[in-house]
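Heads up, the chain below is alone and in the form predicted alone; it's given as structure tokens.
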Amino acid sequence: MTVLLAGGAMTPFNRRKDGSSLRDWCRTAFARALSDAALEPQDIDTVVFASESDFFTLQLNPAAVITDALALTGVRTLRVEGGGASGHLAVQTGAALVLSGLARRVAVIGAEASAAHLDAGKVGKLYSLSFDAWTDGLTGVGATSIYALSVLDFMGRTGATTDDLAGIAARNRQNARHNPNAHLPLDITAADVAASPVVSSPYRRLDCSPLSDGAACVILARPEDLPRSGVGRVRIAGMGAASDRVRLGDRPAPGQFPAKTKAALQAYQAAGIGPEKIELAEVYDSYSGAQLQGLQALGLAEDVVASERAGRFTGEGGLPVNLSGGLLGQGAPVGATGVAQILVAAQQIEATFPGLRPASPPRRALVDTHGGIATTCAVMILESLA
């Protein structure tokens, strides 16, 4: 059975100060996704909603509330939560429902209000609870400190430098300048990143992804359940998911992401390909170094540092990465992040992405997302039907 991405849409990712709410963003993304799929609201039989934190949405049981806000009744509705991987895992859940025959047309909606109604300090404390609250979050250890410890180990093993990290942070923000939905489309250089304030060495402020508001939606269905040909030109070729020890200190190699490797191997096997067949990737870059760590774990480069320095991951390189701007540039409303990554990759295959695109549309694209510090990992491979 084939599961297609029949349509999708996202709101701009930014910090909303216009009085709009999470429900408004979800309604906008859903309506535009339906139009993209040439469907009507009554065609949807299942809603899968993704958000990381009830503190951000200010709503318990948000899936039912959002489904009601979409004026849908009588449909199956559920919520998926997996930290930063929430949106991606929601798409995998929707695809599994279609594959099982329990659903025909699924709307997967991810959203988060993580920028507008709470100050950065409170949000940072909440994010620290994405790790082990007993040993990390409640002790005052924040996400940036944990990611910094991990990347220091990675740098020691691979020879990656702060210049490499700064180059990634600058490039992704430059990529975002072409993306009308991006939160941080900045005209900056690696020198600007290196001059920004230290948050937790080696990470500086511009090495870190922003707090964002926004929503994204994709519609999943079988080809026979779509109204006309030409809708849904991208299929889900493979999916994988895996987990790791929550506490970084419990891992034998804290700079490596073995759960991401396991998830990728599952996705490659399901798609019947190897990593050499991937032509474009959207990689989870909550921090600049996490992009390099992810690319290594995904098997997308034999020597990831050498490939980075050779320009392989640029728009003109052999494997363009995060042409959307990634989390660093496009933004990171957590529940919406993975949904948006998948949408962007599908649009790249269809040559409809409104931002930076490679010279030729890729036939296959990989999407990588994780929660915690690569603790809950999800990988998806998308493929053109053409």
Partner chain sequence: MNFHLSLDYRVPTGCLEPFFEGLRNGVALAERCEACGRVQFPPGGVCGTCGGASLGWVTLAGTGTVILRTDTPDRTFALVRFDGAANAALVEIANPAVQTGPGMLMPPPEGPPRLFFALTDPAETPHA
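Numbering follows the first chain given and starts at 1. From a predicted model like this one, the values you see are computed outputs, not experimental measurements.
Note that the form predicted in complex with the partner chain isn't included here; everything after this is about it.
Check your understanding: Using a 4.5 Å cut on heavy atoms, which of 299, 238, 185, 254 is close to the partner chain in the predicted bound form?
Key -> That would be 254.
Review point. Of the options 234, 146, 292, 170, which one has a non-hydrogen atom that comes within 4.5 Å of the partner chain in the predicted bound form?
Key: Checking each option against the partner chain in the predicted bound form, the one that comes within 4.5 Å is 146.
Review point. Which of these stretches, 174 to 182, 312 to 320, 276 to 284, 137 to 145, has heavy atoms within 4.5 Å of the partner chain in the predicted bound form?
Key: One stretch meets the cut-off, namely 137 to 145.
Point to revise | Within 4.5 Å of the partner chain in the predicted bound form, all of 153, 201 and 245 (non-hydrogen atom) | key: The answer is yes: all three residues contact the partner (heavy atom, 4.5 Å cut-off).
Check your understanding: Going by a heavy atom distance of 4.5 Å, is residue 64 a contact of the partner chain in the predicted bound form?
Key -> So residue 64 does not count as contacting the partner chain.
Practice item. Look up in the predicted bound form whether residue 249 has a non-hydrogen atom within 4.5 angstroms of the partner chain, and give yes or no. Key: Yes - in the predicted bound form, heavy atoms of residue 249 and the partner chain come within 4.5 Å of each other.
Practice item. With heavy atoms only and a cut-off of 4.5 Å, decide whether residue 58 touches the partner chain in the predicted bound form. Key: Residue 58 belongs to the contact set for the partner chain.
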